[in-house]
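Listed next as structure tokens is one chain, alone, in the form predicted on its own.
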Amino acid sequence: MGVEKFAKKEVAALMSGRGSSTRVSLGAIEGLINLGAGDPDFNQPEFINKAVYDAMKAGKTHYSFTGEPDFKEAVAEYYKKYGVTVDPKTQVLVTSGGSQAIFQAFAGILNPEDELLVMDPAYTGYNAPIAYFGAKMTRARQTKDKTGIFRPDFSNIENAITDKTKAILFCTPDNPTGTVWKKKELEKLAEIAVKKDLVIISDEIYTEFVWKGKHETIIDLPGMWERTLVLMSFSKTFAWTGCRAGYIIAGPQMMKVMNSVPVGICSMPVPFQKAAVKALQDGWDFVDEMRAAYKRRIEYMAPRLNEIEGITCAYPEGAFYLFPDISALGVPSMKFAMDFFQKEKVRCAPGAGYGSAAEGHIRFALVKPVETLEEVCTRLERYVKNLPPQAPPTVP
């Protein structure tokens, strides 16, 4: 019918593209092991389910235009964990998960032709919303340290900033690289933001999964309160990927910008906000259980991947992904991921989708128990051994 003619031009452009490779439904495939999407293999605890039911039974099913005060208070109390004091009345915005937090943050600040600088590699979920608002995504290539972890390269960041740059976006702990930004790195980024008068968007949804160092914040550094948007989500912390719970933290004036975005009533349902209060108060044993399981999975699979000829895998500092380097095998990451899926029924994400610096890598989301990861490594080793001879990889 040619309905593209009715579409907003940015939507029409997105229609011709491809969706996220990790968010395509595959249906039932016998023997499939799906390590593509970062959907935790844990179900939320029964006491949280009961809290949702109790809230609905008590009639907590009506409009909540600005979010439930007790939920905002619980968020502010939680963020004190990082030494930051937040006013729940003026500095917390409730969203329907991390994706809405991303969308609303971009909607609040991005004009057509603005540039949003993201790291390379970076999470693919930023790409389409940037394009939707008619803005341009630019990248600052990160460099690997001696352990194989990607770290911010501040020369590349400064060189990527132009007179059209509106904001810089980063993620810590990072998906897909597992990087946890250090205090000195955040201080350097804050200096750049103040000097260049830029907004900083800090995606912090993996804060509870740190394996090396600790989670540091940027919003409370000098000059940063009114130029920082902190994006948070319950999807990973409490395995609420299907229940859509999230929030934004910002300074009071920046929050006025966020609250002015005309998204309508599309934040968390009130019963889930009430349950989220219970989660933030009493859900930490569950989080500890998940954290311990992820750590076991990392401690098994990272060394096991390093035993496979042609693959090297850095131990992540945070989050629950592995991002092994397959460049020595001489196979482009997209072809590697597709062929591995076709031949061994294991789904992973090709590094190419995360930026040019991520080519030569694949991402495994550790959302299966160790026993299943053992089978993944067996299949991967078999697949690699059966690869036809490749030309030596070119050095960029």
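As the structure is a computational prediction, the values presented were derived from the model and not from experiment. In this text, residue numbers run from 1 along the sequence as written.
The next section is about a form of this same protein that is not shown, the form predicted together with a small molecule.
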Note: the small molecule not shown here; in the predicted complex, the stretch from 211 to 219, 119 to 127, 148 to 156, 83 to 91 having heavy atoms within 4.5 Å of it is 119 to 127
Three residues, I201, T228 and I249; all within 4.5 Å of the small molecule in the predicted complex via heavy atoms?
no
Any of the heavy atoms of A314 lying within 4.5 Å of the small molecule in the predicted complex?
no
In the predicted complex, is there a heavy atom of the small molecule that lies within 4.5 Å of any heavy atom of Q273, even though the partner is absent here?
no
Does the small molecule come within 4.5 Å of any heavy atom of M268 in the predicted complex?
no
Spell out, yes or no, whether the shortest heavy atom distance between N259 and the small molecule in the predicted complex is within 4.5 Å.
no
Could you spot which one of P324, G97, G318, G108 gets a heavy atom to within 4.5 Å of the small molecule in the predicted complex?
G97
Please tell me which of L305, I205, L189, M254 lies within 4.5 Å of the small molecule in the predicted complex, judged by heavy atoms.
I205
